[in-house]
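The chain below stands alone and is given as structure tokens, in the form predicted alone.
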Amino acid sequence: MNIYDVSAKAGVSIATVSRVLNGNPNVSDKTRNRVLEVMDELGYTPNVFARGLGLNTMKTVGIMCSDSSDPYLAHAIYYLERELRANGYDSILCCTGSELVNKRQYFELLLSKRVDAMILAGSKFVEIDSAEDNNYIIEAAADLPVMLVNGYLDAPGIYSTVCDDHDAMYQVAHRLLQSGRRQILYLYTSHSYSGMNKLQGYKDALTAHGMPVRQELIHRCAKDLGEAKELLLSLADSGLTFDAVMTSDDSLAVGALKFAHCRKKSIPEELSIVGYNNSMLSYCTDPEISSVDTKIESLSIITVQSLMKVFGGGQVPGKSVIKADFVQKQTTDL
């Protein structure tokens, strides 16, 4: 018998059961009594290790990411765990995939482990198209701190540390336009909070330069270098011309470079290419790919520092923003 059974039988969320177990006052007497009755009926006993010695903390933080094989998220996890260990905290990692139902299930699983806080790494945990799908995060934040790494959700108990993706992409597009590029193709991977800020930065730079935002130059693509290459080949074969490619991830930039090699385009004379995240991928190509450094180590450090301040009762802003850097390599001459 576990906390899931109690939640299902009582008709309440895992977070509500957790509140009852923790003695949180933000539960109505009716709901509290219902949960306690179900616990007694099912013979459920809270984890002895978590509660047996009257401990107020497990010194453990839950970390969720959508895909630990992604270089950006893998680095985030490494830095977050490193900083948590340095502050005396263990961590439990769950890799959720992209489906909402799985995100919620893993979120509730970590809550059932009585973690002291939750860290959601990456912007894909904030649902842009359906605000109500974020309620499970907002509800849990009433009981424990929820930290978002490069995602933003405005609610009490939620603290976001983000890179200024909009400004980063605006500056890249601005520099490309200043260098004489006029047909800038934009490839992106998702409609996440970060993804939409990047796209808007690209659009705003075009508008600021008096250039039209051409939808035929904006394409969503899976985070796969082979698919990115094939997409560009298809676009070129359809008659679309472009003299620069901006991407929301380095993997797409590698695909753009493979396209350029396939069509024997000189880099950067005929085609400029810019990646995003300044990952190892951008250094492994020939030529090396210019990219945006989103400071994932700094984002992770600030996230954990903010969490420690919250634990200590300190004041922490709901949103902390850091500035990205453009790292010029061999695929641009900006």
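Quick caveat, the model's predicted, so the values are computed rather than measured. Just count from 1 along the sequence shown to find any residue number.
Below, we turn to the form predicted in complex with another copy of the chain, even though it does not appear here.
- The candidate stretches are 69-77, 148-156, 207-215, 134-142, and the one lying within 4.5 Å of another copy of the chain in the model of the complex by heavy atoms is 69-77.
- Asp243 falls outside the set of residues with a heavy atom inside 4.5 Å of another copy of the chain in the model of the complex.
- At a distance threshold of 4.5 angstroms between non-hydrogen atoms, Cys284 is in contact with another copy of the chain in the model of the complex.
- For the chain shown alone, Val254 is a contact residue for another copy of the chain in the model of the complex, at least one non-hydrogen atom being within 4.5 angstroms.
- A residue is said to contact a partner when one of its heavy atoms sits within 4.5 Å of a partner heavy atom; Tyr106 meets this definition for another copy of the chain in the model of the complex.
- Contact with another copy of the chain in the model of the complex holds for all three of Glu81, Cys94 and Glu288, each having a heavy atom within 4.5 Å.
- When you look in the model of the complex, the only residue of Arg182, Arg263, His191, Lys113 with a non-hydrogen atom within 4.5 Å of another copy of the chain is Lys113.
- Taking a 4.5 Å heavy atom cutoff to another copy of the chain in the model of the complex, the contact residue among His219, Lys203, Lys258, His166 is Lys258.
- Contacts between 204-226 and another copy of the chain, taken as any heavy atom within 4.5 Å in the model of the complex, involve only Leu225.
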